[in-house]
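Here are two versions of the same chain, shown separately as structure tokens and labelled structure 1 and structure 2.
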Structure 1
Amino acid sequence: MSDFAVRVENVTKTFRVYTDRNQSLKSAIIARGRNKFEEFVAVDDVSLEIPRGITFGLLGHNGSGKSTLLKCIARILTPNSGKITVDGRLAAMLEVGSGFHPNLTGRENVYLNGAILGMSKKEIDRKFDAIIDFSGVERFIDQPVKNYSSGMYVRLGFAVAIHVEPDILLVDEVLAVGDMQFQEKCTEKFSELKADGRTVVVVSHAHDLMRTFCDEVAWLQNGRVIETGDAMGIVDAYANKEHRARKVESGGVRFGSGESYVTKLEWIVDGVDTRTCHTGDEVTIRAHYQSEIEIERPIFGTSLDSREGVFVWGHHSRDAGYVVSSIKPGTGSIDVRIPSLPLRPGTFDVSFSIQDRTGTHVYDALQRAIRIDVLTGTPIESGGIMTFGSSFENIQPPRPIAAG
């Protein structure tokens, strides 16, 4: 057995990007077979050696080639040139729901996906309960997965992938989707795999996780490896560089392409930026942003998570029917007004994001940037995280049971 799990030698992967997008039908027919395209180099002469038994991270901005490289290692994509040697059984968890069939139930998909990943029916039978247990989607296991949330998809997909007991596990951005509890389970599982001498290759925008999980990382920029080595040093250098590029006054973890970003997030009660408030308060979430480019009809979003990681609430300007025609290069701010905070006492984290008009491109997602404490206010209700302003009513006066 060699001492590496994956060896990547001078791998290049290009994509054809067609340039004539707005051509007429006639010119398209005339030009048939000789459409204009450019070769876009997504992975550019990359060489890496991933030692056996370590957790290895790929770090880099959106579009730097991380997913493309993982897909080449997983043999989903074929490089144009170069060589990849994989030594061991490999399982990959690359895109949300990849390998899942939307019309099949969770149960059927476990068998389908398990088979794709190289497990026999017997092996899946034996591991089925453990897979479902890990995924936490037991209640929905006989429903078609098209009804699942993205979080449920990821949980089930990840549960199957790790139960393959691969020698090498490739994981792309899974941790971003699950809640905190699930993230913890995943990290535990990663440690177990590592203790077993297995190799994990992971991509995540969550720097704090990358920092604690990974032994080694490679930093990619425009498809090239610019640095590789000890995780802590490189993750810190990367985060610092990002941080300098996009100065934030608040804390939190962020990802996004960064042309437009939140510089400060405020939680305003009675005109004051505060970190404590009361049930029933009128609250304004104010995001200050800076933009290097003009963005037409951007979508602003905000959300609250409980400290335990429960996604409590989220709202987008698009769903609110609030349209900002464009933001110009420069600075600005936007308010989200909550007329009466319906949260019971507890601790919550606030996030904010700026996306393009379609909601598919993230300029900045500033996650759990500020933490607020909600104290007792009005109404006072008995349990849980929400207040409904509920009341008890007596529709039938109590009557004694007639003596028989």
Structure 2
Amino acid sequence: MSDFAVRVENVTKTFRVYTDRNQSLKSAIIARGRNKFEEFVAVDDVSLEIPRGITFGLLGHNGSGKSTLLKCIARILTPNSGKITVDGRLAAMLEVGSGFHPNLTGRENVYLNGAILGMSKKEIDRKFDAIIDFSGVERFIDQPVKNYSSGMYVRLGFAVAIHVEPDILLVDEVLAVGDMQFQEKCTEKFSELKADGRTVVVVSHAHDLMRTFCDEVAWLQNGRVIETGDAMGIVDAYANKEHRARKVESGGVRFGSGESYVTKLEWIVDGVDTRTCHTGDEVTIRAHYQSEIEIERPIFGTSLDSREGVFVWGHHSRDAGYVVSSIKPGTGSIDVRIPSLPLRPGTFDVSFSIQDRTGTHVYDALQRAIRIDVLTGTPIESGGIMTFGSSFENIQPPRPIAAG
């Protein structure tokens, strides 16, 4: 087998966008079928290579061409020009309920969809219980899928696709529909596929997922590839551009609507704002802010990333159960207390954000505002990023080996 799973060479895909469709038989006869249209280039001369055995992301805003490219790879769409080579057994989960017949039961659709994806009846029989268990729809498996919710639809469809055991799995925004438990199942399954040397190609708007789960990404814009390479760096660059992030003189970048914003971030140990601390220290993260408007029930959040870009920890006031009734126009501050810092020695970046009560509108997100160094403290543990306060105990003395 080759060292690549998918190779895309100079692929272009266009669609016709009609601007003056005929509305009557008379106008159609007069126009003699010559409807006016514009050529929309969804994918524009794209070339990229996806190595075998990695998780590869396609990144970009709506209309960038990423889903169209994924459908070309899946052979659902045929490119106008160029060549796509797929080396291995491929399964695709591109749309909610794709391949399902609404009037058939979930059980019948498992066999129908499994057959479409290349599984034999004997193979589906063997995997059926695992598919249903993964989907979580066992109570409704003998009901017509037209009565399923969108979440049930996608869970069952994804469960079938994932159990094809493909060499290459294509996924388009499936995780946006499932609940948290289902997302965790999917992430665990992706990890298993990766450990088995299989390839996952994913389209998602979830930047945290793309940043931490993907090995490499391709950034698409207006149908063209802007950049390909290491996921962390490219996802961060994309997010900063999309949010119109602005560099901050004191360090880091920020984005948001700006009606309320962080003016200063402190890392306080023993009453002193410092950039050096020790494992086990009591730490206070203090954010000073200024607000131009009154905000009801704002959500404050903070996070830590390692210097290498690994997302280490995040917490916001809503999850903490700390409800601020409102903040008034003016200046203020808020503290986040960490009783005993559970980080092993290393270098970490601190971020802070202010959002509305729904968590969907960002007033300010100050990213990587300060960098702190954690030195050896207590407890001393042997490796990794975190300390667990673990201990060794209850050793059982060896028993004599019986003679003979």
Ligand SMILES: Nc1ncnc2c1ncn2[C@@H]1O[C@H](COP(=O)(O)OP(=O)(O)OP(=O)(O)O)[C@@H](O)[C@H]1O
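For the two forms, the rigid core is made up of the largest set of C-alpha atoms that agree within 1.5 Å on superposition. The shown structure was predicted, so the numbers you read here are calculated from the model rather than taken from an experiment. When a residue number appears, read it as a position in the sequence of structure 1, where counting begins at 1.
Task: Which of the two shown is the form predicted on its own - done: Comparing the pair, one sees that structure 2 is the form predicted on its own and the remaining one is not.
- [ ] Answer yes if the Cα of His61 shifts by 2 angstroms or more between the two structures on a rigid-core superposition, and no otherwise.
- [x] No: His61 shifts by under 2 Å between the two structures.
Open item on the list: So, superposing on the core, is the move of Thr85 at the CA at least 2 angstroms between the two structures?
Closed with: Superposed on the core, Thr85 moves its C-alpha less than 2 Å between the two structures.
- [ ] For Pro298, state whether the C-alpha moves by 2 Å or more between the two structures after rigid core superposition.
- [x] For Pro298, whose C-alpha is compared between the two structures after core superposition, the shift is 2 Å or more.
- [ ] Would you look up how far the C-alpha of Ser325 moves between the two structures when the rigid core is overlaid, in angstrom?
- [x] With the cores aligned, its C-alpha sits 30.1 Å away.
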